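For reference, the chain that follows is the form predicted alone, supplied as structure tokens.
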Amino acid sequence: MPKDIDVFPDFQRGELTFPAIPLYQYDGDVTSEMASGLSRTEALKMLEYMLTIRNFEETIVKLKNGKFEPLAQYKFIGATHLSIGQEAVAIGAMSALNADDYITSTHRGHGHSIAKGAYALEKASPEYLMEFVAGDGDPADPRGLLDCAIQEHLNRTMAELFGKEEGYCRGRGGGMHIADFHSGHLGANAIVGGSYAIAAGAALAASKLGDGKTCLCFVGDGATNNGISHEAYNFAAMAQFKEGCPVIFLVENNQYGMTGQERGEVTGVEHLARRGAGYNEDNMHAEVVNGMDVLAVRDAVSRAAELCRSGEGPVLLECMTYRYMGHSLSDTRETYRSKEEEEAWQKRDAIKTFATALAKAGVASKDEIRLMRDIARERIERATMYAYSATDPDPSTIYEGLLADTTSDEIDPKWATPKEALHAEPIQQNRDGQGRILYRHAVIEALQDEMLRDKRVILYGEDVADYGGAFQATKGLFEVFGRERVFNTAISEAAIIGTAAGASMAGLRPVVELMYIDFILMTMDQLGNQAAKNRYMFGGKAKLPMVLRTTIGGGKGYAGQHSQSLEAVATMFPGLKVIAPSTAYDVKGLLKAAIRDDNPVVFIEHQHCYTNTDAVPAEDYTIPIGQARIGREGTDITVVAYSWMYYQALEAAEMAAEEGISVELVDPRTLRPLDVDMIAASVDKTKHLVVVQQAPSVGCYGEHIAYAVQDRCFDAMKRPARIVAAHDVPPPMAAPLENENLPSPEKILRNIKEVLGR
């Protein structure tokens, strides 16, 4: 494929200028909006749902303080962050979106969840509503059926805050982690800024799938100062996305990032919207909106959604609002806020001003508004009593929802990549007379097979496109599939992982690459707090079919930040699968299995393995994830080794054979889940265990292997397990030090003999 992006020198004198960023431009009102198409019913719904959110949040305060009379003795637990005062942002935004659009939310997200669910139910079919209320409704009474559905929605929301099985996430998430995938709500997030990249990834999926959806990402002002904000803005604004990325980043600026003030204290700008100028030539269409005016928010989000749907995203909106309560219920806010400030904002209260405007315009009488307040209060009281009486989760179900048990092995033919979509003929790997190819060619073959099989599989990351990856393990794929399916990203490791999580939740099957596993430390929020926990935290609803490919090395003099073996870091997080194959045969079969798996997989390739050859069938095959293999049978001692260390252990086993020692060599292939059964069966036979791995011994994955096997085989073992590992130092650069640091066949043999007492 010819190079499509050239950069030529241009040193012509000039200056950079930026378009103006609109500030509070909306000048409409109830009358003008109704003249433009806003119906009376829609206007009243906006007030109704703002009142619903306000009553929901105020009830939480009463529960926490023991002032909710029906449950005065009830002890309400869990972190609680309220959005009282911010209702106009949630309702204005949700009223402007389509029912199937996506949102991501924040730890202060009860209002977003209530609004998203309510508006989705407004537009749902009677059949869906009947299913939602479990048949407890009358399809012949559409208004009554909708009321039943709204009540059920509030019941499930409150039940989640109570930690009940009937909650949206079965009590696994609680108030800071509510998701409703049926309505497009991809989840509230307790990590400040944590959903930035997820939203960009969901929007990427919508664009690639061509489904016309957009994703609205709610974040607070505090989140804009987190590094992931920069990475997500930059990712979404990449020029190579010719159709734009249909994501709306909506900053709900309530003036405080806990206690720190955005203006005058923790930033150097008056308006966070001006940061849009740093990411593309359109300022990301940034503007500042009156977040205390529900109609102004509705107008801004409507225009933003239209920009996204027409291929001109991303969009950055800053909605200026105010939270009346402290950061949490334990925060009295007295030390960092003045009464004068609070009173000034409360005079602009969104609910009061909108109710007054509706009455003034003759849309609703004061009695009708009063009745709406009563109905909202009664709904929340019913939801609260429902939640109190709902079911506590059974401790025996604690593992439910952690991992999906599905794959894409059985795939609809509609997902196959059509031949006319290819930019070149597929790559044919040259095999020798014994059917052998290089390990890295097996990686390429697996990726190409799966991308041909399923057009939802995309590949992106650092230098994977034209260059073919730092280790040439993606070479040629860009030429075959083009920039639509294979593209480079900025050096933004957190964004790479976070967008993959979001894209996988929204229907793609992304494979992303980090050049070195050392860089995984840059991703730990997105990998450990987001991708790994998402399915479980949200009640087992989501599928995250994403693969993170990365490499480990050592022995090249790359020193402390490019030579580590950090696989144990990934294995620390339930919800991730971790694979580390040693042979070309295994890398193809396991990578294909990983891509088809409906869970996030960390796939670790070793740089020294890339040039190894092995017999690899050209035909389609997969290897079950979680199944070890016996690389060499023996009777005296079991040695467990994976990735490059497998070959070091294999050489040690051959040396041991010359001394009359029979080594059984087990390659786990998959670290999580670990095939303890196979390893234990071997140790039951040999009575001895040595585990070899490249990382330092303290906290290494080998410790887990040794523990798991000794726990099963303690009575059979004649000696304690031995771990052969690197020294407890960062990888050194100097050759003598690095050689000393890495386990060698000689070191492994010495430890084998010591364990056997020889």
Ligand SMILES: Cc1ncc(C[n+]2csc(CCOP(=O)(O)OP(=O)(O)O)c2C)c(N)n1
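Note that the structure is predicted; figures quoted are calculated from it, not measured. Counting begins at 1, following the sequence as shown.
Omitted here: the form predicted in complex with the ligand. The next part is about that form.
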Looking at A593, M451, A473, A223, which is the one with a non-hydrogen atom within 4.5 Å of the ligand in the predicted complex? A223
Taking 4.5 Å between heavy atoms as the contact cutoff, choose which of M258, I630, A559, I375 touches the ligand in the predicted complex. M258
Can you pick the stretch from 488-496, 223-231, 636-644, 201-209 whose heavy atoms fall within 4.5 Å of the ligand in the predicted complex? 223-231
If we define contact as a non-hydrogen atom of the residue within 4.5 angstroms of the partner, is H327 a contact of the ligand in the predicted complex? yes
Is L650 close enough to the ligand in the predicted complex to count, meaning some heavy atom within 4.5 Å? no
With the partner left out here, check for me: in the predicted complex, does some heavy atom of R348 sit within 4.5 Å of the ligand? no
Is H107 part of the interface with the ligand in the predicted complex - any heavy atom within 4.5 Å? yes
Taking only heavy atoms into account, state which residues of 273-311 are within 4.5 Å of the ligand in the predicted complex, ordered by sequence. none
